[in-house]
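Let us start with two forms of the same protein chain, each given on its own as structure tokens and named structure 1 and structure 2.
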Structure 1
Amino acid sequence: MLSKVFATLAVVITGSILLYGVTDFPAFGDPKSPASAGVPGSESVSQYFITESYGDTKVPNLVTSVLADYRGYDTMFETVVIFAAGMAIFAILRVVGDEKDSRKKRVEENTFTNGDHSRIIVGTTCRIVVPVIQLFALYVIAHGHHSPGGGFQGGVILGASFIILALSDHLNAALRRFSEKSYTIIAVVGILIYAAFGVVAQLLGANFLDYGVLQPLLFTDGPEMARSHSMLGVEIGVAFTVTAIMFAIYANLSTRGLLRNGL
């Protein structure tokens, strides 16, 4: 009881300090705030992105151009963080070999039975919905240049389509289409695709992930279009990793690392 009093007190004090800090923030959308106008004597980064990013990269959605080009290095390691999270969950939960493990005893086969109409309705509906979700996910990945979206969101939606398959039927149905071996390989390949764009740019004499020099390899009109196309390439790499890791996390969490039966 006493610990709860102290916890509440700590939350209240921290919360009031944070709220006090908020009063010093510039107003929402204030054009004179340092983030929008820059500090005296130097140009504002936001102003540069807003006015120049279309000319630099020919990508209308400037969030995508900042994410995948100006801050490409950052995004690459965000993808590595997701990969590392998936691998950590794999390392903690996954049970391999050892038949004596107590968790393996509660395994019972769990398939469709005659007369179980609720499962048939759910299973059929999900089988109709899943292709639509996957098509939308591919659209989100490919259309990230022009509308909100990109590799992370599209990858999560694509991973969610496999999770829906696993939820509606059982995990084996999803694992038959996306096995443990293939999702591990795809997770690694995603990061390698991203890093390959950086390394190839380096080999052609520019900085890591400086896509402009990839122009002769991509057969584009100018370095701007090469940047645009390379961004699509790295988004696809991100989508590979995110899709695989999202499904891997679900598969391991829902079966206590056995990869059998599931919810």
Structure 2
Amino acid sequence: MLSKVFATLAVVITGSILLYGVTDFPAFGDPKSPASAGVPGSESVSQYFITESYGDTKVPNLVTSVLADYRGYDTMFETVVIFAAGMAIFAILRVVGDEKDSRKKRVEENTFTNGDHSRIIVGTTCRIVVPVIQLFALYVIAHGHHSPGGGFQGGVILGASFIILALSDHLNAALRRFSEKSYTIIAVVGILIYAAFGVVAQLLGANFLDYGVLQPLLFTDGPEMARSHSMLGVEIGVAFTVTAIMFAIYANLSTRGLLRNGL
């Protein structure tokens, strides 16, 4: 009971501080805000992004150029936050080797077992649709810096395809294709891919995630195209982590950490 009181106080105090801080923000859509108007004698940040983004990056999608280049450092740590959320759920829920855990009995009692005949229509439909979904997810990832899409969106679609497979049959069917070991490794690799672009840039004497310096390694015509290709690379890293963590969260939540049977 006492822990609930402290938790409630912490939420109320933190929420109050955040709400107080919001009062200093400019009004929504204010044309005179620093982001819109800039400082006297210089171009505003938003105006610079709109007018100079394509020249700097050769990426038609303004959103992608901002997320993966101008504020790429922030986006990398957004990916780390997603990874940390998945690992936190894993640490709290995952049950390993404890046959006496009461959750195992509850999952076995609640498992739906009505024969495979009840899943023929849903299962067959999903087996046909899932490859199409995955192909579309790869398109969204690969084409995200030229049209709406990117690593986060494509990763969610790709992760959802494995969840659909688990729901249409059972979790074991999805785990045979995307095992716990596989999605853990892929989640880590995704972050390492993103960070590698920054580290290599530093080794070549530039700032972290300053993709233009990677031109000799990427065999591009200029630093602008190096930035474009690098953004595709980091989007692939984001997609790896998002796909793996999304499916990992579902697998652990749906089985109370047992990774058996599922919903």
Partner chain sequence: MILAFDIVILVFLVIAAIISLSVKDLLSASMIYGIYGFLICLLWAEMGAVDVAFTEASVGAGISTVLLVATVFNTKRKSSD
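Quick caveat, the model's predicted, so the values are computed rather than measured. Definition used throughout: the rigid core is the maximal C-alpha set that superposes within 1.5 Å between two forms. Residues are numbered by position in structure 1's sequence, first residue being 1.
Both panels show the same chain in isolation, but it is structure 2 that comes from the form predicted alone.
In the core-superposed comparison between the two structures, the C-alpha atom of Glu52 has shifted by less than 2 angstroms. A displacement of less than 2 angstroms separates the C-alpha positions of Phe219 between the two structures, with the rigid core held in common. Put the two forms on the same core and the Cα of Pro31 is off by 2 Å or more between the two structures.
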